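Shown next as structure tokens: one chain only, the form predicted alone.
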Amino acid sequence: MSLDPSFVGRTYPPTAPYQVGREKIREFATAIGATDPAHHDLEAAQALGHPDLVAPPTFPVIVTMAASNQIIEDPALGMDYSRVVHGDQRFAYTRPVVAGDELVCTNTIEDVSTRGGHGFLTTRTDVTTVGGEPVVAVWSKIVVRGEA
């Protein structure tokens, strides 16, 4: 089954809020080897002008991956997740993610195409605070491998 190109432009409902915690930031930073003190030490982050610990730039993948289940689990799209490989990811920040943020994700399908027998899906996830303040836009491209 191939991806349905009529899904281009479809936007899914906003997700439930995700509370960004200090320990989550520290754990993520440690897991990826990010040693900047602003990820681990409150005083260091505040000395740089931040209200709390600053998340590493790829931290939003935690909330956007969970939010992408809206798309993955949409049976009408025609995605066989067992055939999916990650193609690309990029982030465009309005401001850093900090501990204490309550983040909401809104997913939009930006492109659906087929090349060489493989499906390509590009999504944009707009990450905002519960108050509607833009934080980061995250684009993800996945490849749905064709039948061999």
Partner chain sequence: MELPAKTFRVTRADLVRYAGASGDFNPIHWSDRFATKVGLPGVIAHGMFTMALVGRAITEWAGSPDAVVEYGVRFTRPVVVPDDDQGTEIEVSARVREVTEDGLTRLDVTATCLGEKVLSQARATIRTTR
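From a predicted model like this one, the values you see are computed outputs, not experimental measurements. Positions refer to the first chain, counted from 1.
The same protein also exists as the form predicted in complex with the partner chain; that form is not shown, yet it is the one meant from here on.
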With the partner omitted here, the residue among M79, I109, V54, C105 that in the predicted complex has a heavy atom within 4.5 Å of the partner chain is V54
- Query: Looking at the partner-bound form in the predicted complex, is G33 within 4.5 Å of the partner chain by any heavy atom?
  - Reply: yes
H118 near the partner chain in the predicted complex, any heavy atom under 4.5 Å? no
Check A38 for me: does it contact the partner chain in the predicted complex (non-hydrogen atoms, 4.5 angstroms)?
yes
Might K24 be said to contact the partner chain in the predicted complex, defining contact as any heavy atom within 4.5 Å?
-> yes
Residues in 87 to 115 that come within 4.5 Å of the partner chain in the predicted complex by at least one heavy atom, in order, are G87, D88, Q89, R90, F91, A92, Y93, P96
